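Presented below, as structure tokens, is a lone chain in the form predicted on its own.
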Amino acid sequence: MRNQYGAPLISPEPSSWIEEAAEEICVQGYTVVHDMFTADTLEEARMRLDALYEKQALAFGEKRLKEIGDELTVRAPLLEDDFFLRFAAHERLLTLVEHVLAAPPVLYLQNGILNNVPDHPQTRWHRDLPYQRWMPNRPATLNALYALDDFRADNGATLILPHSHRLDPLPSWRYCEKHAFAALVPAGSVLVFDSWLWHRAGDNASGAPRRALNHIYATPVFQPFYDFRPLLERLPHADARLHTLLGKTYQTHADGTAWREARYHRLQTQ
């Protein structure tokens, strides 16, 4: 039975991988879900992500990207390449996210991360909702960081600070360096964590790129970072779950009549 708003999140006796993963996210702030994609899919994802970055850097200008601190990031790849929708809409991932958030999630953002250098812009401690200065008492948004390459200690694996999704502000540098650890995630797996968890990219000293694909899933109180709805025009057979995920279900209505019409249509098609 699907969770309802406000339903208990942690089961007294976890009986499935979803309940175990949810408990890990709530208590320690993160979990890892393994074997999400095959080696062939990952190879294609790496190739496509690299090509998209070259396209975006050429369009905006590499120099300008560095000026705004946005180099080595691919913005909203699925809007330019439908291939990346399979990561955002992966069945097992969405099932876990829906369970933890206790609501059909909205895709807040999808970004590609190319950690190719020791001084990547994301090597500073941060949260992925940096301007939210309040602390929810249960998960309100979740990150899903796919490893497209193996996350290793030498290639800048993401450093996470366990339990810090309940800490504000950031603990001291000494505390972070003492208690943080590198999340060694094999390629094809996904690191899922509470978006309030303090984390940073590691320093990549391997000489080879470490690519990742980051997502944030939110409850409907958050407006998506990008407008993903145009993608639905290219997906005529998209189901209700995709309509919700990509923001159509919770779109802002022009007035009360428009809201009523949308609600009427939704109830008629359920």
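One-based numbering along the sequence shown. Just so it is clear, the model here is predicted, and its values are computed rather than measured.
The next section is about a form of this same protein that is not shown, the form predicted together with a small molecule.
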In the model of the complex, residue 199 touching the small molecule (heavy atom, 4.5 Å): yes
Contact of residue 164 with the small molecule in the model of the complex (heavy atom, 4.5 Å): no
Close approach of residue 86 to the small molecule in the model of the complex, 4.5 Å, heavy atom: no
In the model of the complex, residue 214 touching the small molecule (heavy atom, 4.5 Å): yes
Heavy atom within 4.5 Å of the small molecule in the model of the complex - residue from 107, 145, 74, 100: 145
One residue of 141, 116, 122, 189 in contact with the small molecule, assessed in the model of the complex (non-hydrogen atom, 4.5 angstroms): 122
Site test, 219, 248 and 266 vs the small molecule in the model of the complex, non-hydrogen atom cutoff 4.5 Å: no
Partner-proximal stretch of 54-62, 199-207, 225-233, 35-43 relative to the small molecule in the model of the complex, 4.5 angstroms, heavy atom: 199-207
